[in-house]
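Okay, so here's just one chain, in structure tokens, the form predicted on its own.
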């Protein structure tokens, strides 16, 4: 699906104090002014998940990453509507392929992938965010004891993601094919916009937590 460009979105993003524009590898403690853990969401969409996390966990620094300016604009509009914007939240408008330019080795404590584009054609498998190609990038920026959490309603994408783990040198710590029926893995679950939409029509949500 082709995303509609929103006139002025790039200008708004360029002028936002919440968006980091220059490569920031090794600088996140300086940017946030503390040494709290760093959690990132890659492909954050309109920002509900990352904003709700930042509000719930003020002692964690959250960074939302979104490739499309027209989508990131919606997250910024959410912040504009808030009385108090969480100080532990920043955004990046970049392609995930550039992630090692913005995070240093072992600088990230946790990575979230939520309802990523399934890129259904086989020739596009390398573009899928849970692919072994992207797992190799996450391997650089994630701390040794760090975790990656992935949620999707797309069973084909989830099966693909599971199959990619062993070749990439990762291991599954927890897996569910129906998150909302899993009392353990759904504990403290924060929903994304897509999760609420898909689960409301009966689509089971798959989730894994993986480590290296």
Ligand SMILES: C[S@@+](CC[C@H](N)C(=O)[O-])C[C@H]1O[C@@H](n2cnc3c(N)ncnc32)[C@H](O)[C@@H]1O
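Numbering follows the first chain given and starts at 1. In this text the structure is predicted, and so the values were computed from the model without any measurement.
We do not show the form predicted in complex with the ligand, though everything after this point is about it.
Trainee: Select from the listed residues 142, 129, 89, 76 the one whose heavy atoms reach within 4.5 Å of the ligand in the model of the complex.
Mentor: Of 142, 129, 89, 76, the residue with a heavy atom within 4.5 Å of the ligand in the model of the complex is 129.
Trainee: Of these, 122, 101, 95, 80, which has a heavy atom no more than 4.5 Å from the ligand in the model of the complex?
Mentor: Contact with the ligand in the model of the complex is made by 95 alone.
Trainee: Please name which of the stretches 28 to 36, 65 to 73, 161 to 169, 178 to 186 has residues with heavy atoms lying within 4.5 Å of the ligand in the model of the complex.
Mentor: Selected range: 65 to 73.
Trainee: Residue 44 versus the ligand, in the model of the complex: is there a non-hydrogen atom within 4.5 Å?
Mentor: Contact check for residue 44: yes, within 4.5 Å of the ligand in the model of the complex.
Trainee: With a 4.5 Å heavy atom cut-off, would you call residue 192 a contact of the ligand in the model of the complex?
Mentor: Contact with the ligand, yes.
Trainee: Would you check, heavy atoms only and a 4.5 Å threshold, whether residue 109 touches the ligand in the model of the complex?
Mentor: No, residue 109 stays farther than 4.5 Å from the ligand in the model of the complex.
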